[in-house]
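In structure tokens, one chain follows: the form predicted alone.
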Amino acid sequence: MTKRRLTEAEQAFNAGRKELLASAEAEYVADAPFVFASRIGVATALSRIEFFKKILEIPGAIVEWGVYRGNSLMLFMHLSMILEPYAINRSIIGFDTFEGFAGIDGDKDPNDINETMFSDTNDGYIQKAIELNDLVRPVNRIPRCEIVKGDIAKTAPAYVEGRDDLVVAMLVLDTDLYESTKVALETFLPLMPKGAVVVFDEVAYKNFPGETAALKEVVGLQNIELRRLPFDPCVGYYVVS
């Protein structure tokens, strides 16, 4: 979240949570994350779990388009380790600049955002977390999770070039922006079989219209059955048919 339109209650919650976190030891926070979690964070985790369950029987990669601090990416890695520990043909690939928004469109994206938003991340932490979990993961000689850093409008087309093995079971679109969402749809949809799931983190959402604009342009609303989850208000998805 950009946190640019918070209510007074939300501001008070965030301030109190920040104070609580500052008083706690890092290991305590890591071992009891729901003590410190926000409602939005828990809802996001629940939605990712629901989407993961939808693709358990579909081989191929999970592509997360917009990683930020890696919470959803690592959740997908944990779910795969637990629910399908020997799925050697499941990869989890996260694309992000790790430096904030890139490619803001003056017409289709909000005018109150800037390139510094979501730059407060550290891809080194995420990479280290991947490596640590690889130590205890079954069949850990075969890579399961990776991050791809850079301008994703450029890194993704380069990544899929020559990858005849690449099938995408789920595409999670969470860059919030028009141009990058369009590139993701154009790049990965041809690699998605029937039954695969396409997730939009902000769809039909006025504060971030870019994802929806890209969906209309590349796919067309009349060509899909767009669905929602009742507990995660801005998320939408469709199943490839």
Ligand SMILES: C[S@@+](CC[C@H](N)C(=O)[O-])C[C@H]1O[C@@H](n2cnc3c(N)ncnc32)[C@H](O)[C@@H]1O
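When you see a residue number, it is the position in the sequence shown, counting from 1. Small disclaimer: the values here were computed from a predicted structure and weren't measured.
As for the form predicted together with this ligand, it is not shown, yet the points below apply to it.
Proximity to this ligand in the predicted bound form, defined as a heavy atom within 4.5 Å, holds among 62, 198, 67, 214 only for 67.
Picking from 79 to 87, 95 to 103, 158 to 166, 129 to 137 the stretch near this ligand in the predicted bound form, with a 4.5 Å limit on heavy atoms, gives 95 to 103.
Although the partner is absent here, residue 48 is a contact residue: one of its heavy atoms lies within 4.5 angstroms of this ligand in the predicted bound form. Shown alone here, residue 72 lies within 4.5 Å of this ligand in the predicted bound form, counting heavy atoms only. Although the partner is absent here, residue 110 sits far enough away that none of its heavy atoms falls within 4.5 Å of this ligand in the predicted bound form. Using a 4.5 angstroms limit between non-hydrogen atoms, residue 151 touches this ligand in the predicted bound form. Although this ligand is not shown here, in the predicted bound form the stretch 169 to 204 places heavy atoms of 174, 175, 176, 177, 180 within 4.5 Å of it, in sequence order.
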